[in-house]
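Next up: a single chain in structure tokens, the form predicted alone.
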């Protein structure tokens, strides 16, 4: 049985806490169960990032997907229900997991010449129907896992649909795997927010790639279709306008800032990893729309090379701004329209690519980091 980490779950903890506070009795129970499961996982330290890519299951050749069914249990990976080359099944969640991982593979392979998630031909395993009433999806370091949302709740109390419904969620979670094998961005404070933002960037690009959308045509919403009609919201995050994805009596209001002046300093959410990711998210959105065309081509290439070759475990927003600007110059030329678009993207969120911005002070520095480790919210130092 796999040991898995809660740090790469798609639904942020503050959203679940709001439901546990403001929901109906049955909604509160579901949210509390999801939160408790995450707390249990927190004690199971994820060490898979320490292994080389060659350690993992390697496909025989090319794209290789396997979808499992947990049958509402918690044992992973479950029973094989669809393998590479098999036709669609009667289970929509199985087909969505299969197709979504395939489009994610295609984006990285065709556009960035990356051989699967680990760069070494890793087989793409997915498990659907994880537990009952599990309101989340996560990358556990080896595979994707999807809950069914609130399918067992009365129709008028359902908040979440099945978690395979949004292909950008699938792309988001699989990109956590790419980050795991590349920059290894630590999952707290600004490195953690960059980790989340990279997953949002490529999750959105996976959706745009599937739909063959221009940057100007995309909705730039993460998790479109995940929220039911009972929720006043369009998704769980907006890259275009952070802080506007939802405003609901039960889920609360989207807390994401879109500018450094509104940066949130907190010890919750692993130091604000889901909250402050809105800042680099908007920087990418501005860059992509400024360049026009297909966002995965130029803007995506700049961000991918930066993630692969430039960022480190402790990189902060300013590092990402400076490195994407440098990479744009290396790929497209100094002073190119691509480089100027990157400059504009970061300037719009309050960061100077030349390092002249004023980053927020995260009180306590190492003390905050130590506190996060004490409560099980940050990785232990090696």
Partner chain sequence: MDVERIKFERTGGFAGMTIARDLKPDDLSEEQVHKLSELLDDLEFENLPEQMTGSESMPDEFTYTITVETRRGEHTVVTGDASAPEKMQELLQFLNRLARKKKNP
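It should be emphasised that the depicted structure is a prediction, and the values quoted were computed from it without experimental measurement. Residue numbers count along the first chain shown, from 1.
Only in words, not in the display: the form predicted in complex with its partner chain, which the text now covers.
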Exercise. In the predicted bound form, which of 304-312, 104-112, 204-212, 171-179 comes within 4.5 Å of its partner chain (heavy atoms)?
Worked result: 171-179
Problem set entry | Proximity of residue 187 to its partner chain in the predicted bound form, heavy atoms at 4.5 Å | yes
Exercise. Counting only non-hydrogen atoms and a 4.5 angstroms cut-off, does residue 284 reach its partner chain in the predicted bound form?
Worked result: no
For this session: Could you confirm whether residue 251 comes within 4.5 Å of its partner chain in the predicted bound form, counting heavy atoms only?
Result: yes
For this session: Look up in the predicted bound form whether residue 244 has a non-hydrogen atom within 4.5 angstroms of its partner chain, and give yes or no.
Result: no
Exercise. Only one of 167, 198, 122, 236 has a non-hydrogen atom within 4.5 angstroms of its partner chain in the predicted bound form; which is it?
Worked result: 236
Exercise. Going by its partner chain in the predicted bound form, which residues of 133-167 come within 4.5 Å of it through any heavy atom?
Worked result: 133, 134, 135, 136, 137, 138, 139, 140, 141, 149, 150, 152, 153, 156, 157, 159, 160, 163
